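Next up is one chain by itself, shown in structure tokens, the form predicted on its own.
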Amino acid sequence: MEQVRLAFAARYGRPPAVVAVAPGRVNLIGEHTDYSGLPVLPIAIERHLLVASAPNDAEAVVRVASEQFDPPAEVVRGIANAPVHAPWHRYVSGVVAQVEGVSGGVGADVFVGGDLPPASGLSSSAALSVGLLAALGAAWGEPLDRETLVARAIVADRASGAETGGMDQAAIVFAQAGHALRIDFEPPARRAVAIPPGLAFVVANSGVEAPKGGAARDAYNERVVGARIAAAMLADQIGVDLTNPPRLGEIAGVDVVDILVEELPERISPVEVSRTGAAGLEQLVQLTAARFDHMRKVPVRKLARHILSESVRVDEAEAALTAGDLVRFGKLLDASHESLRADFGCSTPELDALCKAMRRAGALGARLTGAGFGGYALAAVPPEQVEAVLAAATEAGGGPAFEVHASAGLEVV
């Protein structure tokens, strides 16, 4: 905190008015389910982004400097679709668009520091969006209430081009120390789930970054569209009308869905689905800040199989934590990783090897955490095995690897 305050003062010549402390998150289970309206079970961790801010009355410009990224960003309020000069500026621009109407046209100076690693799958991008929104609102004397902050941070994050769900933002804002946060989306609900004694968590870097841009962004959006196609085709078969965009969460509880999933096509294009009348083309391909090729054939059957089975694993994992059945919880993590590898296709050889190494060192179970395509893996570990698992993870992935604890959410100082 003091380092960030001093860095802000050194850059801008005055102390910050506020500092927003936004934690990272580790998703225990429920991967790639949130954008289908199905549940997740994350924790916040004691790694944070600290966003220091003070109003700048002289100009309607939000200036953001960062310890981790160059060059600094400058975004003029009130100008839509302004060009950006670095990928991370998209998040800043997305946030500034979400604070239009807050404190008129006053600008702000911002400095971002902290110890949350970027491009890791530990939600540094959502922490940045949440922290910026919280810091700007508080600095201008018009703080956003927490529900509004989450909703706007979701939209701001999508400015990067990846059509993400709402897990990260809700976990960062509403997490409780010592607890996982069960988040439901249809209907919306949250509840704290106590982490039982005798259970520790280790996260470790696979050695491959997990960026949100480029090929990883395209792969992410392909899976979002594939999940929509699956929902539309299944709903058409069982005679259910879905909202726009179609989401698997609206039909997950129908008895025959698990059977019908196996009859879905392996791959199909959005335009082919639209011609069947199952859904309109825009319903399938519309994205907040990216375009999707409507002729591109995307995976469908395996994606739906993962998403629906993963939502069941969330229920089972919550029950295992509540009952203190740590062996069962570990096995569910293993099953989740295998589903992400074999069906969803978002693991990597490095993540697979890392999870295997942590299991061999004594972990109860291990899985990738975050969107995949690189980044970190999570292991559930008996406390007496933490050091052995850390050593094995560092050897397998090259580090860093560290223990994390379920921590509190957003704080504004």
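Note that the structure is predicted; figures quoted are calculated from it, not measured. The first residue of the shown sequence is 1; numbering continues from there.
Beyond what is shown, the protein has a form predicted together with a small molecule; the following relates to that form.
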Contact test in the predicted complex: residue 225 vs the small molecule, heavy atoms, 4.5 Å: no
Contact label in the predicted complex: residue 48 to the small molecule, heavy atom within 4.5 Å: no
Residue 233: touches the small molecule in the predicted complex, heavy atom cutoff 4.5 angstroms: no
In the predicted complex, residue 121 touching the small molecule (heavy atom, 4.5 Å): yes
Listed range touching the small molecule, judged in the predicted complex by heavy atoms within 4.5 Å, from 352-360, 34-42, 57-65, 381-389: 34-42
Option touching the small molecule, based on a heavy atom within 4.5 Å in the predicted complex, out of 298, 304, 332, 167: 167
